[in-house]
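One chain is shown next in structure tokens, namely the form predicted alone.
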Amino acid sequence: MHAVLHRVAAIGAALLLPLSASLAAEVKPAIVYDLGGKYDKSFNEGVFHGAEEFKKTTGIDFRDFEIQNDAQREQALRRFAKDGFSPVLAVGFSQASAVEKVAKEFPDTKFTIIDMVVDAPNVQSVVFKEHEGSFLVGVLAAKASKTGKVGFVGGMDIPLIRRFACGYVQGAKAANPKIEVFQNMTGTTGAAWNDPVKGAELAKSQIDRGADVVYHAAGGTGVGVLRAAADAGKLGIGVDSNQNGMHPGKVLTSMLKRVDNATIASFMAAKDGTWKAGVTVLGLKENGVGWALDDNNKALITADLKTAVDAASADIVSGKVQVHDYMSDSKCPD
């Protein structure tokens, strides 16, 4: 009897080995984008590019879904989990409650959320120090401005976007203490991410008041901001993805939020068996944020601007300059 049991146990172990090995290799990544869609030229698109890069490197395909309304978040996450996809990547803070709920229902599925912390044993949360990257483009905006007035257009009026604005103001004032910074938010609902007409109107009103550089952190709405700045012969600043090529010579730079890197890292860790739940914070030091310099804007970035932004970057990385985080303290320094 013992011999039979030993043999059964040995067969069971032998069966388990190839099964677990094949499970480790069989990664089925999926993405649920935020409102605005995967071709928003911004945040969602950065995630899409990361997934495409992962596919190119590994040969492993991914599935994705573009939600049209808030109700679809939970449905899409649940459907991917039911169909055996893992990790399932949720793009944006608005997915938090849906991720929390669906992650409980599917404890064996790995979930990654970008831009919010969800505390669960099978959820990986990736957040960024947007204020650090915004500080850098604030320095560039102030140094490039001829009027001493610059602008900021945010998407949805939430603490996360106030964090961009606050860092931008701090960077601009570090470069020019007398700089004037105009700020507008687009709205208070998810529609604020996808309203280029309103974005253009807000940018025009700031330009009419004298702003000659306008930074946006507004998703798809920012397409209108950059267009309005270019049409007026002023400079825009892009966000999240490198948007310098949208209006070459008219976009001073873009604040890069490396959601592409975060996407690749999550999928690759799942493939390699090193994926971990918990919180990852990506700042300037970790190459999670930065600014874009390429052929489209190199003529705009003078030696003086480059020296100033490099010095600011080094000071932030070393800790000499502390960039105020609006999400920890909502009193943005004057």
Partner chain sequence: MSAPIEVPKWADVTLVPALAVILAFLVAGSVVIGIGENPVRASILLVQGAFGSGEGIGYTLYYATNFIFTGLAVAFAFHAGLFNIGGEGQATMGGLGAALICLQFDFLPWYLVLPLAILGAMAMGALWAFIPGYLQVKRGSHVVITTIMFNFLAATLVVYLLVNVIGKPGSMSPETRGFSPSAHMPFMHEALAVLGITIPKSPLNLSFVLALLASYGVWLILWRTRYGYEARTLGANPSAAHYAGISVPRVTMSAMAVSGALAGLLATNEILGVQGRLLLEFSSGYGFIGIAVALMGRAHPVGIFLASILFGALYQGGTELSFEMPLVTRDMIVAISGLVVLFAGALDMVMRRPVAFLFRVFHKEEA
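We call the rigid core whatever largest set of C-alpha positions still superposes within 1.5 Å between the two forms. Residue numbers count along the first chain shown, from 1. The model shown is predicted, which means the values in this text are computed figures rather than measured ones.
FYI, the form predicted in complex with its partner chain isn't displayed, but the following is about it.
Residues with any non-hydrogen atom within 4.5 angstroms of its partner chain in the predicted complex fall in just one of 229 to 237, 76 to 84, 255 to 263, 212 to 220: 76 to 84. For Thr147, no non-hydrogen atom is located within 4.5 Å of its partner chain in the predicted complex, even though that partner is not displayed. In the predicted complex, at least one heavy atom of Met156 sits within 4.5 Å of a heavy atom of its partner chain. Of the heavy atoms in Thr274, none are within 4.5 Å of its partner chain in the predicted complex. Among residues of the shown chain, Gly36 is one whose heavy atoms approach its partner chain to within 4.5 Å in the predicted complex.
Using a 4.5 angstroms heavy atom cutoff to its partner chain in the predicted complex, all of Glu66, Ser97 and Thr189 count as contacting. A heavy atom within 4.5 Å of its partner chain in the predicted complex is found for exactly one of Asn184, Asn122, Ser125, Gln72: Gln72. Site annotation in the predicted complex: the residue of Ala174, Met246, Leu160, Ile179 reaching within 4.5 Å of its partner chain with a heavy atom is Leu160. Taking its partner chain as positioned in the predicted complex, the only residue of 316 to 331 that brings a heavy atom within 4.5 Å of it is Met327. Superposition of the core reveals a Cα shift of less than 2 Å for Ile158 between the shown form and the other one.
Once both forms are fitted on their core, the CA shift for Val239 between the shown form and the other one remains under 2 Å.
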